[in-house]
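Heads up, the chain below is alone and in the form predicted alone; it's given as structure tokens.
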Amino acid sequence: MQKSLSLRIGVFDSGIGGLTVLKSLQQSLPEAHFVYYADSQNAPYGLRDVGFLLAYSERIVQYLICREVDLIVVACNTVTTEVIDQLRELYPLPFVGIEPAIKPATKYSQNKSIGVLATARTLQSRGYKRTRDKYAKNFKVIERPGLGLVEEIEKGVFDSPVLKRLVQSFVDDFECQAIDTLVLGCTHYILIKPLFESLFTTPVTLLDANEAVARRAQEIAKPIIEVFQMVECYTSGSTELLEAVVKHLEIAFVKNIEKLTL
């Protein structure tokens, strides 16, 4: 008789934003066992230097490896664009990263005017610039750093007056630039996608890379036989915040939500 195999996937982000990636992964890999880590205590990663990003990413990766994961999804654009290559060199298991959805945006845009909202670190990274220059060299790309957004989103109130004013300022700016496609280049921003949609007065397609990440993880995942899904969630920040967003996203099969400082 063939032994049952359990696919274990580690997922981490600088905070709660990566839960949107976890949701997409669940839909593509319904039988997998997930271990999620939110480093909310150190968010936002966009303000951290490369040395910090690598050091903390290593701590999290080492913990996930101790949990016997088969692959790791880096659900953070900043970590992906800055240090995922180093992580791949240091550890033998597969890594799946996330980058702003520039390539899909070029297919959706009709007027060749694309907006990209991401952290300043992501927009300045070589990885992002390489992707942008490869796929959007014939497009007008309006880039804006989402200053203040991650900090407000990490409070867990997605319709606060402060957050609405922040989002409105970005929407007004992008509408003045006449974009028809907006890339949400940080997983935190996906949590407030409905807010963006409600504030745009012109037709704008909002895109993120979550489904692409889930497809890539599915491609490299091992075969699964007779297993049941389970999700474990850990955070260096507030368990109440993490639990609230898990409920907001209706993430299923959550076994535990615990405090863990690495």
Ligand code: DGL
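In case it trips you up, residue 1 is the first one in the sequence shown, and so on. All values derive from a computational prediction rather than experimental measurement.
Beyond the structure shown, there is the form predicted together with D-glutamic acid (DGL), which is absent from this document and is the topic of what follows.
- Contact annotation: D-glutamic acid (DGL) lies within 4.5 Å of heavy atoms from the stretch 184-192 in the model of the complex, the single such stretch among 108-116, 135-143, 86-94, 184-192.
- In the model of the complex, no heavy atom of residue 101 sits within 4.5 Å of D-glutamic acid (DGL).
- Under a 4.5 angstroms non-hydrogen atom cutoff, D-glutamic acid (DGL) in the model of the complex has residue 43 among its neighbouring residues.
- Taking non-hydrogen atoms only, residue 150 approaches D-glutamic acid (DGL) to within 4.5 angstroms in the model of the complex.
- D-glutamic acid (DGL) is not shown here, but in the model of the complex it comes within 4.5 Å of a heavy atom of residue 76.
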